[in-house]
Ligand SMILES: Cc1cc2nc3c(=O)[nH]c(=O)nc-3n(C[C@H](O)[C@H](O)[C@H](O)COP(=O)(O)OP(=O)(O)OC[C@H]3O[C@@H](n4cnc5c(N)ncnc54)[C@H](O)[C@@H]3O)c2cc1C
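What follows is a single chain, given as structure tokens, in the form predicted alone.
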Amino acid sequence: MEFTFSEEQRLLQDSLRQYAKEKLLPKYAHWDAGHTISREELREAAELGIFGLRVPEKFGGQEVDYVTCGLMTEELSRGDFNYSLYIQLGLIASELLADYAHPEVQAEWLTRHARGDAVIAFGLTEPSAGSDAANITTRAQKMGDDYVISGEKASITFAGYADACIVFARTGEQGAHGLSAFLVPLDSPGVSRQVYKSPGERLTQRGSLFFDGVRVPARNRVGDESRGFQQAMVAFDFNRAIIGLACIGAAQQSLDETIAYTKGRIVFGKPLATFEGVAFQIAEHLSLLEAARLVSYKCLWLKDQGRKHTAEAAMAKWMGPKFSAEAIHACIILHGHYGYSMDAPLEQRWRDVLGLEIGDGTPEIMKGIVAREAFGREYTAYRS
């Protein structure tokens, strides 16, 4: 067993950590105040490789291994948690389009995506359906050489400014097996948007997308008809580990800042860090984060090896956000009154991380997946 990064990965880790500290962290609060990211800033992010990590080289991407994708996510999240969402959504879009999309769609959208000219959202969740995909009601009706899509998608990351969305709509029987995926340009007639007032991840402009008789060419269907959900689940597995590492990066940075603060803060004539009530809290959270980090990287390593990783992905998705939110909360308390201030990044990180305890599957769903893998599908309490 090997638990170390390669020399190339360590160099990448060092450079990204410095970039996150010097370039991303100073602007972290900027987005929380309601500012929007410019296209120039998106292209700068693309120069880091954020959008093209799993895009085929012929379309301008890099096709790096999954462990490296996780490493980049963890390091960039130390500076700005929002940037991890570009990696997460970019990986899912790249995987689905590269594996299943029509060659013309691949050539246009993967090329634009890799250079930061197109943000691609992922549209599965609806007001009454998320993990329970059997209840998705958005429909796509075949009409000649087109599909006509009608319905609503809810809690969509980048809803406010994405250029396209991979939309899941019903084309067949009731249930998850009757869903198909479509690449829908969001400047199409019949598309409208609503941005939520979210407590965190405000840069991403999470919101709803509405489709009112939106026509897309049949070539924009991603993969076979009525096979969309099965295709998406493949991407969900590894992305859950990416989510875990995004949260861990934000929490680890918070702990590092708290260690430095408590070493310098003098209380009753001694550094705050010398009190076991403080030091033991830090030790506990460091230990829990390391456990979550290891299962996350194990998941991505299994993916790189072409091996099953569903249980590990669900473990990472449950542990990463939970342990991270608890660690950041403790850091807020240990900073005293300064921790309860918007002048420090702690409370913003806490709000941002909380969103990913829900997104891509709640803790209850993750535990259900782990239990299903342990007991067998015949003992699953739900069917989709």
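Since the model is a prediction, treat every value here as computed from it, not as a measurement. One-based numbering along the sequence shown.
The next section is about a form of this same protein that is not shown, the form predicted together with this ligand.
Among 281, 310, 226, 125, the residue placing a heavy atom within 4.5 Å of this ligand in the predicted complex is 125. 131 is the sole member of 171, 131, 231, 138 with a non-hydrogen atom within 4.5 Å of this ligand in the predicted complex. At a distance threshold of 4.5 angstroms between non-hydrogen atoms, residue 154 is in contact with this ligand in the predicted complex. This ligand in the predicted complex is not approached by residue 300, whose heavy atoms all lie more than 4.5 angstroms from it. Contact annotation: residue 80 falls outside 4.5 Å of this ligand in the predicted complex, judged by heavy atom distances. Residue contact check for residue 20: none of its heavy atoms lie within 4.5 Å of this ligand in the predicted complex. Stretch 352 to 360 is the contacting one of 33 to 41, 328 to 336, 56 to 64, 352 to 360, since its residues have non-hydrogen atoms within 4.5 Å of this ligand in the predicted complex.
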